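Structure 1 and structure 2 below are the same protein chain in two forms, each given by itself as structure tokens.
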Structure 1
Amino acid sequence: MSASTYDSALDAQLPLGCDGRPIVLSTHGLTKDFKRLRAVDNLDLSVCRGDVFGFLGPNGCGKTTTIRMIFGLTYPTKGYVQVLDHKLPRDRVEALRHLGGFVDDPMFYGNMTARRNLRLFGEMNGPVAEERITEVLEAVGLADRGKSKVGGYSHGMRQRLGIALALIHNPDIIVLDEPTSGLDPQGMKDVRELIRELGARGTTVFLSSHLLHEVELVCNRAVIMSKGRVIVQGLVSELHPASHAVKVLTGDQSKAWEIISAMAAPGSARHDEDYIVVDSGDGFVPEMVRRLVAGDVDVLAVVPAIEQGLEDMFLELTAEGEIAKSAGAPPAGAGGGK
């Protein structure tokens, strides 16, 4: 797969952010109303060159509406999108020359083969060589189905073809709306690896997802959105609150709960499905295991609860009542999020 090429002279003219890297995609007071419904509310976000940027939020929070405005499919009620030095909706065509990707499910002409679809769409942004079509089909694992009609494709295969189309011109920025939606576990793994690879090659990726784990796995920066508004934005590592929690599974969870809750600080232990989750400090885990064993409780597993911090924060931030109270936001979330 070819590395992304970009104009370094242009980069010098772009505003800087993120440790001195140029901002290649940004929204400025972006707002979209559907009649009385405010789907996106004064959205300001910045994506820098080389970011794999997570656009995180629950279903219906305005992610897809935002992406539609990024691609110039819908017009903002207020504000604008900037792609490199092009403002949307005014410079829509120029901006789209630097963007690839899809919104919602990628859709193609079912009565044409995958190769013909790629050529048809790809040629709208310049010539497309047959070799390039082969290359992108190989990159997404569809090389042997290139001559099949897309009408016979599964949802997952269409997702992959959508990514192939996004890659075909090596755009500066790739915008993917829930690209692992509908994929089997191996497909999800492949797509995430592909996104990481794109990021490593310098392509800026804007990844919309409602899966926290996915964003944590592949993104370096992220924004969490709720009710059409940005709740928090920054490095994923900074968004992730420091957590020393561990999940404990034993042969007798009732007895283990008595032992653990007695030794842990008040409020630091809780149940989570089959596990006991407890915030651990220095030397806590070895002492806990010793006491459990001494209490004749079989310790089956003690694992770090790595996802706990971000997940708790996400749920807390996007909880309806809290957001409405803190932001005073009107109801939002139209726009057909998946």
Structure 2
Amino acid sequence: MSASTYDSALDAQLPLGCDGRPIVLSTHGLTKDFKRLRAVDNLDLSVCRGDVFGFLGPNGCGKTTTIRMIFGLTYPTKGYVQVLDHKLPRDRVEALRHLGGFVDDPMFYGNMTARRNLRLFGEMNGPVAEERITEVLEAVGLADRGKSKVGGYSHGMRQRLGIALALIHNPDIIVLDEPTSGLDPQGMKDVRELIRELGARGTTVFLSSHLLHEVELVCNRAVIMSKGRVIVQGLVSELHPASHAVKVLTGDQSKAWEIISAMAAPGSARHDEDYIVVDSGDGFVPEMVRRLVAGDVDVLAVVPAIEQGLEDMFLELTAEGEIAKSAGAPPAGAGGGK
């Protein structure tokens, strides 16, 4: 599949960021109020040409409301979205020519084939060649199911068909709202691999997710949201807070807990399903293992706790935000919204 088409002359006129690449999608003071609820609060973010950009935050932090404003489906209370050189909501029609994607789950006619659905929905925004339909079906791994009725598709196949529709007109930017939501592990893996392949081809992807691990796997840059506001944005490799925690599994977790909690700093050990998680410093792990063995506790596994929960991450970053606020930063907005 060919990469998204774009006007290099136009790119030369766009503001630069991200190591000199043009900014193709940005928000400027974007705010949305619903009566007494502020769903999005003064949001500033920028997505550069070729990014796979993670829009990360827990359910209810304002992600879907933001995407609705990006597509012009709801108007901001103040601020605006910019797609290339077009501002929304003012230039909605022109901006949408450069966008593809979906909000919430993509919807199709179950009694029609995938090809017919792509033709029907695609032609709402201009002519669609049969060769292009074949091309996008191949890109999302549905070439052999193009003549099957969508009513017989699994949820994961529908998600991939939604991405095919997003690609149909070769947009500059693909916007995907929780594309792995509700999928089984294999379906999640398939969609992630597809997004990774799109990024490798140079397609700019804006990926909304509440899963930190998902963003780490497929995105190069990301923004973290909480209560409608940006907590931090930048390279994904720099967003994960430093942690030296390890996960411990033994043959006797009750006795292991007594030993570990006695030697660890107060509050640094906790339970996580079948594991004991403990924040460790230099020399802690060898000494812990020695004490467990000396206490006749079989040590089955000691592994880095690299998948720190997103909630823990928010606690750390929000604490930093509170410090910044006490130093004079604007107060956080109230409320959420998906």
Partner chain sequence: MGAIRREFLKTLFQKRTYIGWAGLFLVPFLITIAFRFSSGGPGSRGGQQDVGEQFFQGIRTNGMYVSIAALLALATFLLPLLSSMSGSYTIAGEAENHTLRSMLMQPIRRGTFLMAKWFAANLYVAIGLVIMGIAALIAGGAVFGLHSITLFSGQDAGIAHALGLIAASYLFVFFAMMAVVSLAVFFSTLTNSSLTAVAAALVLTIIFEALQAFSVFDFLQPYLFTSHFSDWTNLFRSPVTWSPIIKALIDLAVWIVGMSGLAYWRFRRKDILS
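Basically, rigid core = biggest C-alpha set you can superpose within 1.5 Å across the two forms. Treat the numbers as computed from the prediction; the structure is a model and nothing was measured. All residue numbers here refer to structure 1's sequence, counted from 1.
Peer 1: Tell me which of the two structures is the form predicted on its own, please.
Peer 2: That would be structure 2, which is the form predicted on its own.
Peer 1: Do you see a C-alpha shift of 2 Å or more at G141 between structures 1 and 2, with the core held fixed?
Peer 2: Moves: yes, 2 Å or greater.
Peer 1: Y153: after superposing the rigid core, is there a C-alpha shift of 2 Å or more between structures 1 and 2?
Peer 2: The answer is yes, as the C-alpha of Y153 shifts between structures 1 and 2 by 2 Å or more after core alignment.
Peer 1: Core-aligned, is the CA shift for Y109 between structures 1 and 2 2 angstroms or more?
Peer 2: Yes, the C-alpha moves 2 Å or more.
Peer 1: If I align on the rigid core, how far apart are the two C-alpha positions of A262 between structures 1 and 2? Answer in Å.
Peer 2: Displacement of the C-alpha, rigid core superposed: 8.4 Å.
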